[in-house]
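As structure tokens, one chain now follows by itself in the form predicted on its own.
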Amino acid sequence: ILSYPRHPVLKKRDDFEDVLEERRRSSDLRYALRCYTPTLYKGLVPCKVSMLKSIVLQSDHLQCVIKQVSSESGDSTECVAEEASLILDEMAHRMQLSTVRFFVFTLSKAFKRLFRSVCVNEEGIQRLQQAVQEHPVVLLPSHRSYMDFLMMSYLLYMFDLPLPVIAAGMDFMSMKFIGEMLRMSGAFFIRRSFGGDKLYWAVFSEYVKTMLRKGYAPIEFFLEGTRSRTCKSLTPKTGLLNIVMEPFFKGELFDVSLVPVSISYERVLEESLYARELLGVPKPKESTSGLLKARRVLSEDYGSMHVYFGHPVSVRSLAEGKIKRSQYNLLPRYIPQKPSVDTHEFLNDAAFRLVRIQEENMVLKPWVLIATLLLQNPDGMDLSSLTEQTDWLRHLALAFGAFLDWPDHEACSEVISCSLALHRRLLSVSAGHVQLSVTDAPQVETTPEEAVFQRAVVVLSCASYRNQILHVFLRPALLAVAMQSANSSRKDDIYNCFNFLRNMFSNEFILCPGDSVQDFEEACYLLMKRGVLQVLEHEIVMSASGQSTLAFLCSVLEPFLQGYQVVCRYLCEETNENLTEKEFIPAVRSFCFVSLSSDLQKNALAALLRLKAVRKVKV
């Protein structure tokens, strides 16, 4: 189910349809008020919110935990049960169709202003329509923008699919009016971390599992846990994944369908906000007033958006031969059990592979190629050279299996011109020369520090688009750097370097655990097919025409290698024995202010801890 073709270029993908085309021709109010008759799981009628709450509070699992907490804390069971009820009231959604209709009307207006098109793969929708009738469904969208969960609910309403219940952070609950509107549209609110709160975890997990077991509605959550500020996939979290799989493990459900969804933006609404956050500017708190101030984005052009619903993944097929469900028969189902080591490894492996599917189905626009080249040429490029190299890079990306949305029957120069116009805030074009620059800053004198910061914002904004295509080049790039570093043509030496780099960057990129040999073979195959390498029995040799491709691939990873070097230099030269984790990021930034994002610094530190190059001690 989650295996990958050895030859990614052969993968067939669905066609798209622009769902805004119809919306531009008809009444938004009539559309929002239309008859909505979703297909339900085995024809069940969803129970009322009050009934759902009663089922959760009276469940054997929650009652067992209430007794445990009462025994440990000394509080009466009635007192603990009341606390559980309050937790559930704070958490639970209160979906109302009238509120959903209001959002559909409002979002129809907003999406038509923001996007030129919103393209969806209808075959994916048809697969989902079939899946929701057969087994409980869990929707797993990628997460690059606040738009993601709004668009998901909007599309499910549009195609007469059951509206999802969505795991949302507590931050949204503090938004006056909007927080309650989201709750009435299917959002349920959870803390960012539970710590050791046994009761909170029990209420949360039983709430989700009850909705799943009853076929109440599709559950929707983000495997990455939070929005990716860098626009590359984050290391997945497995807590919620374990919760939705557990009813299958315990034999309460025959199967659960996991549906990875890839959401791609030609231009991300939060691009400059993300860059500032990565440079240490505090994230603005979610608030209704902040949302109202942000309405100026409605006057901007954000190009097109693509939503790709992947093939449903059967948990039953996924777990076959990997999970011994008999272990769950040793105790009554309602008694809480921590996942075994084998189960934890299975969950981790499944999470990585699901995120990899999300990556592979991401639609890439021409700008990601242009951004990649402009970042490698900080002094800019002549438009003719940029056009020529973008066309070369397009063919390389397609040969490596990229899902590239390149306009048919349009000259390359015209495609590039349109992309540059859409992203004009990040660059300047003068006398046929294209360069990244601050073009929307106020025309006032700035200090050198402010100028460096503004430049860094542009670079990191541009890097977020380059990051979208990294998964396409990653494995060949690791091989290219390994060949450069190994100083040998012996296959074993190159593989050892490849494996070291892969291990070092395992927090930075989505690299499935245990797939080192498969990734190495894939990289060899792709570069050999492109005529870059000759792979012999014991040697790997660069072909006469392979130099430019290998040089490009090495430069793809160069910013990450340089960033990790900066972190290592700081730890070797400047650090003292009493450096706290909280002080680490600002200290590195002041040590060497390059366009070094906080995300990269955290990943570098995690890699050094994992490789035992540094150690963390409690103080």
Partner chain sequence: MASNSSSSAQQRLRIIAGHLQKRPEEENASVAAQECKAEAPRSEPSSATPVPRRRQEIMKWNGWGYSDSRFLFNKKGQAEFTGKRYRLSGLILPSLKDWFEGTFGANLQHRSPATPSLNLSAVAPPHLNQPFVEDLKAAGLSVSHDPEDRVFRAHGHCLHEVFALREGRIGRVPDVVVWPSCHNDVEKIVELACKHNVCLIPYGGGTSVSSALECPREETRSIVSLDTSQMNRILWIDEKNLTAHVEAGIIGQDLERQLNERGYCTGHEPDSMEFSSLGGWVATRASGMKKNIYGNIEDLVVHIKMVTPRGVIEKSCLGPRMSTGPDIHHFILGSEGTLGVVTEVTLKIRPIPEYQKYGSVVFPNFQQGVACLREVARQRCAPASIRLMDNEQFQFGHALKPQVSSIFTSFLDGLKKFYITKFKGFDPHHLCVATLLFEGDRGKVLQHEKQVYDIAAKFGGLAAGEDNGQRGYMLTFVIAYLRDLGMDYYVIGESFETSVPWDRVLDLCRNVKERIVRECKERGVQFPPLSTCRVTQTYDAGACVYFYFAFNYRGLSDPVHIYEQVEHAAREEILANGGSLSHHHGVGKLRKEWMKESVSGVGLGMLKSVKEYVDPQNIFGNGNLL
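Positions refer to the first chain, counted from 1. On a predicted model such as this, the values are computed, not experimentally measured, just so you know.
Keep in mind that the form predicted in complex with its partner chain is not shown, yet the notes after this line are about it.
S.K.: Since only the chain is shown here, I'm wondering whether F403 would be in contact with its partner chain in the model of the complex (any heavy atom pair within 4.5 Å).
M.R.: The answer is no: F403 has no heavy atom within 4.5 Å of its partner chain.
S.K.: Whether W392 contacts its partner chain in the model of the complex should be assessed with a 4.5 Å heavy atom distance threshold; does it?
M.R.: Close contact is absent here: in the model of the complex, W392 is far from its partner chain, nothing within 4.5 Å, heavy atoms only.
S.K.: Just to confirm, K67 within 4.5 Å of its partner chain in the model of the complex by heavy atoms?
M.R.: The answer is no: K67 has no heavy atom within 4.5 Å of its partner chain.
S.K.: Check whether Y525 has any heavy atom within 4.5 Å of a heavy atom of its partner chain in the model of the complex, and answer yes or no.
M.R.: So Y525 does not count as contacting its partner chain.
S.K.: Have a look at E252, E82, E388, E450 for me and say which one sits with a heavy atom within 4.5 Å of its partner chain in the model of the complex.
M.R.: By the 4.5 Å criterion, the partner-contacting residue is E252.
S.K.: Consider the chain as shown here, without its partner, and state which of R333, R116, K322, K529 has a heavy atom within 4.5 Å of its partner chain in the model of the complex.
M.R.: Contact check passes for R333.
S.K.: Within 4.5 angstroms, counting heavy atoms, which one of the listed stretches 355-363, 252-260, 537-545, 274-282 is next to its partner chain in the model of the complex?
M.R.: Heavy-atom contact with the partner occurs in 252-260.
S.K.: Heavy atoms within 4.5 Å of its partner chain in the model of the complex is the criterion; list the residues of 448-484 that meet it.
M.R.: Residues within 4.5 Å: none.
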